[in-house]
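Just the one chain here, laid out as structure tokens, in the form predicted on its own.
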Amino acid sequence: MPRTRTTARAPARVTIIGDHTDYNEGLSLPMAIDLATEATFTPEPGSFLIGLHSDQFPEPWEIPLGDTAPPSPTALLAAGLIRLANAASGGTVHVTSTIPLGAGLSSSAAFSVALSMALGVTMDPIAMARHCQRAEALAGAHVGLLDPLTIVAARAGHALLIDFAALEMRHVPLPDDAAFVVVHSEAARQLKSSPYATRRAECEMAAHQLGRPLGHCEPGDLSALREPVLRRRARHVITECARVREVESLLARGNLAGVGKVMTEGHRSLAADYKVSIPVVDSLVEDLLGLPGVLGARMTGGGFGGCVIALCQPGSPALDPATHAPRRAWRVSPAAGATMIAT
């Protein structure tokens, strides 16, 4: 437990390719970006109450240490993180963030990592990801490891290839001329109120019928699934893992046009086979693909709203956030993972 004021910074996450593969023991290629959440904890010895103030919520939260009474719905995640951190004393937490809520950019995972680190939690990346996953479960959201693992383990200038079967990672260099823009569809998303849990259950059913997790399967296995819905869900996971391998190979050759094409194919699969996109997001993808210099575009995150990421040539007008007004947009770069900040 820290004895002096501590500040931690955790970045947002986007997925270049490989969504809805983490809980299927598949492959993913995300990267951290230069939007971030910062949490500053000031301990108050002898206090058994943590007051949390966030610039994204109008009212502060007061969370007693060791109190098992349910907090307000908006404070469930914070209460779970504080409980798991096993804080020795209370104090005050101030949180600021440039990550929009409900945008598919991992705002909750960034909050989880930043708050945990500010409260003195120190773990290796996989243990920290599992720690944050447990807190999300306490708050009623059963999420995979993709978001917190990326946020902790990312490296500037690189994507992070994650094998969720072996829980192995390697950093993949991104070419200097790979330019990215993130555009908000302005349709907010909430995993707890979306069909996200249904998709997970469908994957579990398909995996049970095939006898192994979908991330371990091949296209030829799909014929064993007689139910069309399960076959489509499995097809997305299997082909998405293949797209991750293809993008890694294309990046090694500097073939950004090929990367963009595969990103767009991934969106088509998420929309048609996995059914996690919505019309406003599909329209945004098409709008972006129609702009000069856009090589590929896809939804990012769990789906059902949120943001689209586009890979662009350096001179593309799509990189200017003003191009997308009144939608919010950010030109982003591959950023480093979470870190402590000197205060």
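Just count from 1 along the sequence shown to find any residue number. Keep in mind the model is a prediction, meaning the values are calculated, not measured.
Omitted here: the form predicted in complex with a small molecule. The next part is about that form.
Only one of 144, 260, 125, 90 lies close to the small molecule in the predicted bound form, with a heavy atom inside 4.5 Å, and it is 144. Proximity to the small molecule in the predicted bound form, defined as a heavy atom within 4.5 Å, holds among 301, 26, 30, 296 only for 301. Only one segment in the set 203 to 211, 117 to 125, 136 to 144, 78 to 86 has residues whose heavy atoms sit within 4.5 Å of the small molecule in the predicted bound form; it is 136 to 144. Although the small molecule is omitted here, in the predicted bound form all of 13, 22 and 196 have a heavy atom within 4.5 Å of it.
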